[in-house]
Each structure stands twice: as C-alpha cells, then as structure tokens.
Ligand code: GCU
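Encoded as structure tokens, the following chain is the form predicted on its own, with no partner shown.
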Amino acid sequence: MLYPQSNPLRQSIDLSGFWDFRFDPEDAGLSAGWANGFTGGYPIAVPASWNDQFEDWRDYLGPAWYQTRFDLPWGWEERRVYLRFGSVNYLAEIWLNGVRLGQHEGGHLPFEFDITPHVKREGNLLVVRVEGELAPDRVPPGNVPPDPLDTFAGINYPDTTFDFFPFCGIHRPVLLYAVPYDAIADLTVVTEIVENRGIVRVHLDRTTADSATARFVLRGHGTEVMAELPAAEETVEAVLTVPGAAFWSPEEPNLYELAVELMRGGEAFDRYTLPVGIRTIAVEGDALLLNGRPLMLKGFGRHEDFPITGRGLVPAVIVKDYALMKWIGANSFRTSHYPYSEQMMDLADRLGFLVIDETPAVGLFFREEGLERRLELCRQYVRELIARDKNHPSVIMWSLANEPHSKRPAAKAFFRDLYDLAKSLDPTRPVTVVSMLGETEEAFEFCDVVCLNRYYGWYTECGQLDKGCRKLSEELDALHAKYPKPLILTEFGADTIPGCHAQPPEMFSEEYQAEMLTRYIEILNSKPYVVGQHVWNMCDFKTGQSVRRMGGFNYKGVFTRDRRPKLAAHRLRELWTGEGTKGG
C-alpha cells in the first residue's frame, strides 16, 4: 500500500485536527442514528489516543464516535478519491454522508476506501465508530480466562495478555487523496548486489489494463538510470542496473530516488516517487549479513507512548528518539509489539537504522476456542505489514509475534502457517518469532533467526546478578546447540525508578539497572553466534494497573517517559560507543 503523495498528478490532504467526539458506553449510537451525524460531543485531537485527553475516561475501551466535515478541492471531481486511515485501534467502522464504507479490525496498520461514488463537492460528513474492547478471540487478546499455561491472564487492569496500555482511538493521520482513474496502484522494489553494481527490480501494479508506457528513472549519487517499457497490462516488471552503486547501510544510509510514470503520447498522467536503498540481507550459518558483511544489532525494544497523546503520532517525539538512539550508539530497534508509524519507518531509512518489523500479535495463546479466528487475524496482519513496509531498506526482518504462550501443540503449526505466508510474500528477508520459552519454542525449528527475551536477575533470581548471569550464559549456549542459528537477545532489563540510588546496587535503583545491562552485554559480546542485543526498554511507558507496575508504568526504560536519561543510558553509551559522558 503506497503512502499518499502530492505532486502535479496526484494530491493528498491531511484531515488531522480537532474532530467532534462522543463516548457511547451504552452502545446506543448505532440504533440512535449517529452514523448520520451526532450532536453533544467534545472536541478531540486527531491523531491521538482518547484515554488521556479527558479527565475521567482513561480506562474506557468501549464504543466511541468521531466525526468531521470536509470539502473537495477544485478538480478532484475528475479523479478517483480515496480515504486512508493510518491506524485506528481496535475496531473501526466508517460512514461517509450516511453511507457505510466498511470496517477494519486491528490497530497499527493502514486501511483505505474508494469513496469516489459517495463523496460530494462540498459538505461531506465523515463518521467513525471506534471500539477497543479486549476479547479472547481478538489479536492482541484480552480478558482471557485464567489457565496454568497462559501466565498473563488476570493480573492486569485492563485485563490484557500484554504489558502495555491498550490505548484506543485514531492514532495516525487520516488522509484524503486523489489519483487518476488509470493510476499506479502499487510498487514493489527488490535490490541485489553484484560486485559493485546494484540491481533494482521494480514490479508495477496498475489499476487498469490499457495501452500506456511505463517510465522508471533512478537518480542519485551522480547516477541516472532509466527504463521505458510498454504497459498494456496491469503489471510491469523493470530491471535497473546501477554501476558503482552507493549501497545502503547504517554507516552510510545512501538512498536513490525512484520516479515511476505512466505515459501516453509522451505525456505523464500519473507519477509516484519512492526512496530506494540498495542493500541485501541474508542469514548464513551463525551470521546475519548486510551487504555480505556480518551485523551486530545494538538497540532497543520501544513503544509508541507519550504523555497525553498515548500512542498517537507526535513527529517531534520521533525526531527526539532517533537523536537519543544516535547519541547512545544504537543502530537498530524492534517495533515491539506492533508496527510503528510510516513516518518512523521513513526516518529509519534516512538515518540508517535497522528494524525488526513486528506484527501486532503479542500475547497469543493457543486454546482451541477462537484459535482459527486468531490465526486469520494474524494472517491479515502479516499481509498488511509486508504490503506497507516491503520497500523500506531499513526493514531487515519480519517478526510474527512477541512472547506467544506456545506450550500447546497447536502453536507450531500456527507459526508455520504464518512463516510460510511471510516467505511467499517476501522471500528476501529473514522471519522470526520473539519467544520467552527458549528451547521449548518449537517455532525456532523453522525460523531463520532465534529471538529470545530474558530477565534473569529480575523476574527470577531477584537481586542475584551472579546467579542470573550464569543461567543466561548457560541457556544461550544450550539454545544455540539445539538451534544453530543467529541469536538475538530481544529483551533484557530491569525496572528502575528515576532518582532511586543504592550502594551496593539493589533492585529498582539506577545502579542495579546499569550493572545488569553491563553484565548481560559482556555475556552477549562473548558469544560469537549472538548477533543482536536489544535492551528493554528505550523509555518508560504506560501500562495497565497491577501489583508489579507502580503507578501503572513499566520503568525499564533507560530514558524516562519524557526522554530524560537514567544512569543506564550513560553506561550503554560507554559500552556501545566507547565514549564517556562529557565532563565525567
């Protein structure tokens, strides 16, 4: 799914701003006709979660309604018009001028509607019903009945199977865009490296099959390569060879601009431009290779989480987070535990960050009831994620899930299905599952990379770092012996109350967090098969309420929620860059 662009041949408008909003705790809006418009609402900011914008609705996850009005710009009557939502969590139902357009289930991934038959020149009314209730047959699940094999059930409020707050609302921009009736529908770019040449393969999908010409121009780094091909069918394949190519890497995130045009009579009637990074990613033995060279991932698990806005898009926070990651010496992150905004992904390409791109499948469980529905939702998420992010050079791996409760036999076949689907859609990238089970995670048999979350010295061996580190070292060796593949420790860390100090270090102190991360990283650096170390978490973040979450927060961030460094941030900078703190 191509992100909307504005150029002389296609236009886009952002509908972000203040919308009308109304909670519907009695679920009366449908029968009361709110789909045709409602009164008595509040102003609400879009995009942003609704939970912290009002004084007393933080924990409300039930139905709520949004509405806004818009006019069409001049000239749009001659084009096909689409309405695109970047992310709505969790269930969205959409009406335009009283006509139901459809619905979408699952947050964090985009969806759109062709509104050409229903849109008017002036006075359009857009109404959105959003509902974020937690249920066992949803993904991620919630309100799951307790069971010994599913350890998260019943310990949080709201009752999630995951350890972050279930923010609700319209979280990313709502865009209105117009394209020609005969338009570029999609582009898929795959790159290869042959000696010093870059091979760029472009697959073009059109909305119609009609006589035209497709022009492909790749520009950048003193090079311009062009191909012009007949385009009478709905698909066109082009191959562009770049001699002496400037490859994409974290050290040199070189990007080319690919311009694709559809033409008749020598004149373009549609155009789309796409940044392209020429790079390869592969697994060979114990190594993860970028452009044929071994990688060591240093970075974080993160959350899209910020005061007041919740999970809503805040561009300044994205810029700040990249600046902090650069300062600390990180080169990568995982989109834990859902896909991040397209703006975040665009900057990863520009700034040279490596991304493990994860679906929203966190906290999965494998009881028979609702299993097929959860699988179908996970299939949907895999398809939507790869369709959205397949062209980002920063994306080096797909993650199918985080911390599934995989002890039941159905789990292996469940993940084999998703793995095969991901490989059929994109055979160029490794695929993984991030597990807490270790050797008993059967999905590691076919996953390309082993990803493990571990908290020895925290949730177990509390306060005993010597014992915890011995267990970590022994387990890593045993896990690699069973699954001889590259291994990434995708989570490790300790809750740390800002300003809490202790000597000798003890749990919840800044000294304990710094010491734990230091000793874990020493172990990881000693294992040649370990290709990544992702600290949990970059920043403190909001959770539900539980006895282990003081104030409803996870304090494992090395930065506070408002991005102030703890002692561990300075220690990580020393470990990852070799540079100490100025003046220290």
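Start at 1 with the first residue shown and count on from there. Nothing here was measured: the structure is a model prediction, and the numbers come from that model.
Quick note: we don't show the form predicted in complex with the named molecule, though the next part is all about it.
Heavy atoms within 4.5 Å of the named molecule in the model of the complex are found in one stretch of 554-562, 46-54, 518-526, 27-35, which is 554-562.
Proximity to the named molecule in the model of the complex, defined as a heavy atom within 4.5 Å, holds among Y181, Y459, F269, Y157 only for Y459. Among N453, T207, N391, T309, the residue placing a heavy atom within 4.5 Å of the named molecule in the model of the complex is N453. In the model of the complex, W65 stays away from the named molecule, with no heavy atom inside 4.5 Å. In the model of the complex, the named molecule sits within 4.5 Å of a heavy atom of E403. Heavy atoms of F70 never reach within 4.5 Å of the named molecule in the model of the complex, leaving it off the interface. A residue is said to contact a partner when one of its heavy atoms sits within 4.5 Å of a partner heavy atom; D163 meets this definition for the named molecule in the model of the complex. Residue H337 is the sole member of 321-343 found to place a heavy atom within 4.5 Å of the named molecule in the model of the complex.
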